[in-house]
Each structure stands twice: as structure tokens, then as C-alpha cells.
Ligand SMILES: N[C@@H](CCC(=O)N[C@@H](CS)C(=O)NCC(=O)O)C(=O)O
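Just one chain is shown here, as C-alpha cells, and it is the form predicted alone.
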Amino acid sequence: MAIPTVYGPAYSTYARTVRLALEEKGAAYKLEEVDLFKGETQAPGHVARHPFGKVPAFSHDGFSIYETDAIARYIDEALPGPKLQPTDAKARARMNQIIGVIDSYAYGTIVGKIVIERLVAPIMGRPADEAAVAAAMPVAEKSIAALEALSSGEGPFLVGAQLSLADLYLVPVFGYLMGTPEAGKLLKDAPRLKRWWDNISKRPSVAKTQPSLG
């Protein structure tokens, strides 16, 4: 049986979520780099894998799929290893809710605005757009407050004692956020999320998938 292949750059937050799931399952896999900044996501070969020219895409044993949520759930359900989705209906619903908040609100403002301006703009040779950062902060603050309220606080992970896909979605976002000066302000009133990050950032899977933007 062929090992899974992840198509996307190592620096992509969503590609990292997929890689984290594979690492936590203890699965061997191959990362095939597709560089967004070089326009490689629009190349015909990649568009054949992902018609919208996004990352990640994924293949395993003749089965191809795109969209992070579908990929991560496939990995959990198709591969052996620790389960990454709670069986309890309430815990599973909370996991799904947290993922929804990250996808719909947190990612776009934290990564798409703050991280881009603070971490990516200097690499691209331009100054940060301070107005864009300032405009992003209210939604970023609301997103962090929502995630703080939704985290259980009753275990080391977002939905309690069990690592779940919710954790693997938030790790890449926090990995970049913590490198920005806005992190302190955003996490000032989020003790649960700070404890969560202190704990989960030490996991081997997190260290192994640590990206580099420079």
C-alpha cells in the first residue's frame, strides 16, 4: 500500500494541520512541496489535484481528495492510530464548532492579515501595513475570546483530555501568531489558551512540523 502524499508548502497552516494528523497517527507520509509564493498552485498539475488552486491536496493508495477538513477526517478514519475525533456527541460538536470558528473567523484575520503583515511582508521586502493590522484586531480579539470560551479548561486539550482535530487546526495558527507583537495583547485575557499552547507546543508532532518562512 502506498504511503499518503500531502501536496502543499510546509509553511501552509492547513497543510500543517494535515501533517499533524498524520504525525499523531504515526503514519509515514510524503510531503510534495507546492509553493504558493511562486505560483505553483496554479500550475496545471496542481490544478488537476485541486481545481481551485489551493492547498493542501492529498492522495493515498489511489484515492485523491482536497479540502483540509475532508482530508483530516479521512486520515483519522482510514489510518490506524489514536483517534482524533471524540465519540461523545457533545465533545465532537464542540470540536466541530472550534474548527468552524478557526475556519470562518480566526484564520482570515490572524493569519490572513496580522501574520501576513508582521511575518510575511518583511520577507517580501515591504513594510507592514499598520492600518491593515489595526483593522484586523477587533475580529482577532473576538476570535480569541470565542476560542477561549469554547475550550473546556478541563484537560490539556481544547475539548478536554483527548487530543482532537480542533487542536491540530489551531496549532498552526498559534505557531505563527506567537511570533507577532500582537500575541501578547490578544492572549492577555485567555489563560486557557495560554496553558493549552504551553502544553501542546511541546508535542513531538508540533516540533517535527515546525515551518520556516525565511
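All residue numbers are counted from 1 along the displayed sequence. No experiment lies behind these values; they were computed from the predicted model shown.
The same protein also has a form predicted together with the ligand, omitted here; what follows describes it.
Partner contacts here mean any heavy atom within 4.5 Å of the ligand in the predicted complex, and among 141-149, 157-165, 184-192, 54-62 they occur only in 54-62. With a 4.5 Å cutoff on heavy atoms, L36 counts as touching the ligand in the predicted complex. In the predicted complex, no heavy atom of Y105 sits within 4.5 Å of the ligand.
In the predicted complex, the ligand sits within 4.5 Å of a heavy atom of Y14. Shown alone here, E40 lies farther than 4.5 Å from the ligand in the predicted complex, counting heavy atoms only.
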